[in-house]
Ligand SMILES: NC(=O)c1ccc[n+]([C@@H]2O[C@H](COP(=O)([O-])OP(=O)(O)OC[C@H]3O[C@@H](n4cnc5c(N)ncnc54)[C@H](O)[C@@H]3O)[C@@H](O)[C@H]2O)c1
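Here we start with a single chain on its own, the form predicted alone, put down as structure tokens.
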């Protein structure tokens, strides 16, 4: 099925970003929100992005005019959906509100239209059940900032048809994205694997094993990450990280329970860069670095890495995603210097198994050895 007209519901940062890459790659796009002020703000953001592209020489004038010409806006989701081929929802992470949106557009959209959600952690199947077309329902999880990030997670529900999957992948590719497939599961690929990095780091910090600076430093210096877990948490937003971890905790149990330090920071409003304070202070007042604990760097790196490799292997054990897609997703969506399976092969699977076994014996069930390690 060929997609020509895309309706995007939600004119915030994600929605306007998806609109930009869609209109810029030849789709007719209608951006929808609940009031005119929200729609106007989204359209203004797109115009600013277009002008920035022109100023930097990334967009020619004719391309810029074509992109703007492919855009329209509306505050009436039902009317906008009447002739849509694909409707992408990109509103805030609230299951009940999303269900209400999908029930409305499902009733208005033509029978052939595909419905997609940009959710980062909510159940695709539960959302699909609020419609009468679960076979035409899919997750299309973009990463922020949409124009710059190459990854799109194509999340497949229990009833999603092969035709719907093929159409969503084709759209992602035409938008300039690299698609990876994942079956519906809490956190999909990137959040499911990224959360153990942050959780393990915070727990080691809480236990007094290492300082924030030591942990961030070992991950940037020895593991070649662009940024350490604490700095990354602040950049992404500790509120977003806490919500993602809480969803995984609710769905998968105690192994994802958010640490107390993270919970307290979020409750106090210290949610990272956007609040000028999180794990670190930003702006005029700078934190004094904590005195180093003198922890062995290689031990610390192994201690944080192993639960992450284990989580990637569980996704394969559970049939949620394939090794290549997992490696691709973590490099493109979380800026890992290499994929988890590339890391495991470099270290050696026997060594990885022995290290995870050791963690299991010391710390219990949350560190059990994945089936794929035998």
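Quick caveat, the model's predicted, so the values are computed rather than measured. Residue numbers count along the first chain shown, from 1.
Only in words, not in the display: the form predicted in complex with the ligand, which the text now covers.
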Is residue 90 close to the ligand in the predicted bound form, meaning a heavy atom pair under 4.5 Å apart or at it? yes
Exercise: residue 11 in contact with the ligand in the predicted bound form, heavy atom 4.5 Å: yes
State yes or no: in the predicted bound form, is some non-hydrogen atom of residue 101 no more than 4.5 angstroms from a non-hydrogen atom of the ligand? yes
Partner contact for residue 144 in the predicted bound form: the ligand, 4.5 angstroms, heavy atom: yes
Which residue, 38, 316, 59, 332, has a heavy atom that falls within 4.5 Å of the ligand in the predicted bound form? 38
Of 54, 68, 349, 34, which one comes within 4.5 Å of the ligand in the predicted bound form, counting heavy atoms only? 34
At 4.5 Å by heavy atoms, is each residue in 15, 97 and 119 next to the ligand in the predicted bound form? yes
Within 4.5 angstroms, counting heavy atoms, which one of the listed stretches 216 to 224, 134 to 142, 295 to 303, 163 to 171 is next to the ligand in the predicted bound form? 134 to 142
